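Next up: just one chain, as structure tokens, the form predicted on its own.
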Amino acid sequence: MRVSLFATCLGDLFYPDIPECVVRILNRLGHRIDFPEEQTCCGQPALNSGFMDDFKAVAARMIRIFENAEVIVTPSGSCCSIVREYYPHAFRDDPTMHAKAVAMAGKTFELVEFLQKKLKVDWKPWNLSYSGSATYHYSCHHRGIDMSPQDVIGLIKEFRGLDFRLLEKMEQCCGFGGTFSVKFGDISGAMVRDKVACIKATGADLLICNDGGCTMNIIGACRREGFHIEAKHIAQMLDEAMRNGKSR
């Protein structure tokens, strides 16, 4: 299968190793990857701020860039949800663009969703293992693409040797919400402090977080409280475990 990588702006600027991990994972599974270099932001900041004309301009550009893609994969549930939920809605009064938006939405997948639900990868031959203890934060935007916490936890449990510890209030928002954290700083701050307290309570040494915005918000709050925990995207863990386990 030919897969077009949607790296996201946070991935490109702050976590460039994560899109690279996605490429290696999919290559090992036998897929061809291309990277449309014109891609930029999905438009979420403009959408969250109510600037619909600006959002539609960015969305229309992204639709054009990925129009010929066979399938699109992104390591961010947040950005995936914007394409799937809001691109078709934004062009509901433009039949031509609406059809193109619907087409893009229908072939865009978040990484874990793609691996677990579309490809239905059998991980047994890969001998996945990962040492240490970990907990998992469920990003709110996964709801918009019909991904439950169990969809990701099912993959996490494929790692032999990993002590997985369930996070209390796992489905509760970390408080970031894009511009929400700017508009409602006090509420956002209280929410992330509550999230940090729940993470602390697990005693885990690793936080699995599959969204760049959530990761930056939570880890920033952890550091402000003097609490040090490593955060990783599951793509980073999979890449390492697949390299070390190697299919037989």
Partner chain sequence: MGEPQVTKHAVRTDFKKSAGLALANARLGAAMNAATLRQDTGRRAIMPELGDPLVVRELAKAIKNHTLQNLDRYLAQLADNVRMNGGVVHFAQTAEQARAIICDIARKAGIKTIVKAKSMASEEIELNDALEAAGFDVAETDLGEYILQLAAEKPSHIVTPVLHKTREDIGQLFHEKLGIEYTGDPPTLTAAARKVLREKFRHADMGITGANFGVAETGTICIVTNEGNGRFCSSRPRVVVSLMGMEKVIPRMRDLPVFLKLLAKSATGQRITCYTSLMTGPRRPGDFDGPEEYHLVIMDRGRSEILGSEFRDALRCIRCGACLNACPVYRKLGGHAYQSVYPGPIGKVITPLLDGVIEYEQLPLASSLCGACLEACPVRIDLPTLLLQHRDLISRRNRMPFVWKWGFKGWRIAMQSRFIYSWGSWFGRLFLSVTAKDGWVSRLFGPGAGWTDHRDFPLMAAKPFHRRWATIQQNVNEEGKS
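Quick caveat, the model's predicted, so the values are computed rather than measured. Positions refer to the first chain, counted from 1.
Omitted from view is the form predicted together with the partner chain, to which the following refers.
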- Any chance all of Asp93, Leu111 and Lys157 sit within 4.5 Å of the partner chain in the predicted complex, going by non-hydrogen atoms? no
- Note on the structure: Note: the partner chain not shown here; in the predicted complex, the stretch from 99-107, 67-75, 116-124, 167-175 having heavy atoms within 4.5 Å of it is 167-175
- Message: Can you work out whether Tyr130 and the partner chain are in contact in the predicted complex, taking contact to mean some heavy atom pair no more than 4.5 Å apart?
- Response: no
- Would Gly185 show up as a contact with the partner chain in the predicted complex if we use heavy atoms at 4.5 Å? yes
- Classify Ile153 as contacting or not contacting the partner chain in the predicted complex by the rule of any non-hydrogen atom within 4.5 angstroms, answering yes or no. no
- Does at least one non-hydrogen atom of Leu5 fall within 4.5 angstroms of the partner chain in the predicted complex? yes
- So which bits of 6-45 sit within 4.5 Å of the partner chain in the predicted complex, heavy atoms only? Ala7, Cys9, Asp12, Leu13, Phe14, Tyr15, Pro16, Asp17, Pro19, Glu20, Val23, Arg24, Asn27, Arg28, Ile33, Asp34, Phe35, Glu37, Glu38, Gln39, Thr40, Cys41, Gly43, Pro45
